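This document starts with one chain, in the form predicted alone, laid out as structure tokens.
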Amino acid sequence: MRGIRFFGLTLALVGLVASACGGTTTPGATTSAAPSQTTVTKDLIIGFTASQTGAQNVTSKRQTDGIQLWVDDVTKVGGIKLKDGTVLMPKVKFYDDESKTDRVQALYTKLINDDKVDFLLSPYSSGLVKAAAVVTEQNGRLMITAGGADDVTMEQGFKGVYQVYAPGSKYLVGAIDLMLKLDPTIKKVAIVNEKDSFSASVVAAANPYAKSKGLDVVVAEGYDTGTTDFNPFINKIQAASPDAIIGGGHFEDGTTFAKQLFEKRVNARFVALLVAPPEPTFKDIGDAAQFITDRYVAKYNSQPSYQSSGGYAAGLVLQKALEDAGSTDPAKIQAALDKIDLMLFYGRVKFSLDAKTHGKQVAHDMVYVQWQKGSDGKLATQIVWPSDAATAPAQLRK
């Protein structure tokens, strides 16, 4: 595998507790003498929106923390150094999008036209990323997406949008492989997912893949965003007596769904849910967290959440493109992004160059984690798939 491994990036995996604020720094430049050339230090203003309120506030904050940690780490080592002697000091400028697509569109327009930021990162969640992508593309700007996995967004022929996350179509197919390796006698599966673009794209791939493996999909149901009572779905699941349950959506619904499955004593041997389980607070639901397996968007162990790691990784991708381009010229940055093929702590990053899917992530591998009780009786996450990255064997309910 061709690429560059960044060492020492475990800093992105621990202690992500810093909370970024929505302030801004006025761009400026200073010069200092050097033996061979003049060093020019400039501020690099990076704009995005964050869901400080609304449905995505928990996971969005994790992503923002990851971005801020990358900014802090780059600042500590003296900035991003270009070949011509320019040193770029990253600063963030962001607003609260309230988890609303209309605010995302208005605020990205403001970031581009009023704030005149240098580069753009994405909000968190596929729906908000899609809204931001339309605005950035219409304005001919580049954006690296850290929080969107929806396949549809990356199949619009966009020229300046680059996806760090693996596409949603890859999220749950590996869960099926893991499940059948653990127990080849599993025959019936229930698929229950949030009716949003991201979750729909995930199950749109998982459903036929399950059938191709000889599994009987006995339940295939969607629920509205904001659902808090899953009893109607759980009743259907219990009536169908599946061996396994896969699906989910985001943090709030996934946590509630897992808790209610436990409370109703649903006897499925294998449960794989999207997004919610990697969150540290998922363990707050107690024993309901045990045996839950999640589709994880990092190749190596990542704490406290994959959203934080994704935010940090987006910063690293931008940094690598700037260094490779040796310039802040957008055309040169785009050319550098098109050529990127590297290995980060987050996994491999490479973008599609096909006209329809340009910028879509094509190389990122997926990892599953599972909440398990240790010998001390405390819940902790373990990597359980793929086997060569596992920190513990996966467990099935007896």
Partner chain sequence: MSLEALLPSAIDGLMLGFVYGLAALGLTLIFGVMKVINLSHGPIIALGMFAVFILFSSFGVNPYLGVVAAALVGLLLGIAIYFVAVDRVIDATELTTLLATFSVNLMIIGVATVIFTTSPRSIDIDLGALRAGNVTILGTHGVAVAVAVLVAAALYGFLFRTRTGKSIRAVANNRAAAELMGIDSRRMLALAFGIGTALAMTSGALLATLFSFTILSGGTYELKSFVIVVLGGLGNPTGALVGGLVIGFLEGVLTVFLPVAWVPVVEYVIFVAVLLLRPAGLLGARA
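Residue numbers count along the first chain shown, from 1. All values derive from a computational prediction rather than experimental measurement.
The protein also exists as the form predicted together with the partner chain; that form is not presented, and the subsequent description refers to it.
Participant: Please determine, with the chain shown alone, which of 204-212, 309-317, 223-231, 323-331 has non-hydrogen atoms within 4.5 Å of the partner chain in the predicted bound form.
Facilitator: Answer to the contact question: 223-231.
Participant: Within 4.5 Å of the partner chain in the predicted bound form, do we find a heavy atom from each of 55, 252 and 263?
Facilitator: Yes, the whole candidate spot contacts the partner chain.
Participant: Let me know the one among 151, 73, 98, 243 whose heavy atoms come within 4.5 Å of the partner chain in the predicted bound form, would you?
Facilitator: By the 4.5 Å heavy-atom cutoff, the listed residue in contact is 98.
Participant: Name the residue from 259, 170, 93, 103 that puts a heavy atom within 4.5 Å of the partner chain in the predicted bound form.
Facilitator: None of the other options qualify; the answer is 259.
Participant: Is residue 83 close to the partner chain in the predicted bound form, meaning a heavy atom pair under 4.5 Å apart or at it?
Facilitator: Heavy-atom contact with the partner chain at 4.5 Å: absent for residue 83.
Participant: Is residue 181 part of the interface with the partner chain in the predicted bound form - any heavy atom within 4.5 Å?
Facilitator: Outside the cut-off, so no.
Participant: Contact with the partner chain in the predicted bound form for residue 239, defined as at least one heavy atom pair within 4.5 Å: yes or no?
Facilitator: Yes, residue 239 lies within 4.5 Å of the partner chain in the predicted bound form.
Participant: So, in the predicted bound form, is residue 195 in contact with the partner chain at a 4.5 angstroms heavy atom limit?
Facilitator: Within the cut-off, so yes.
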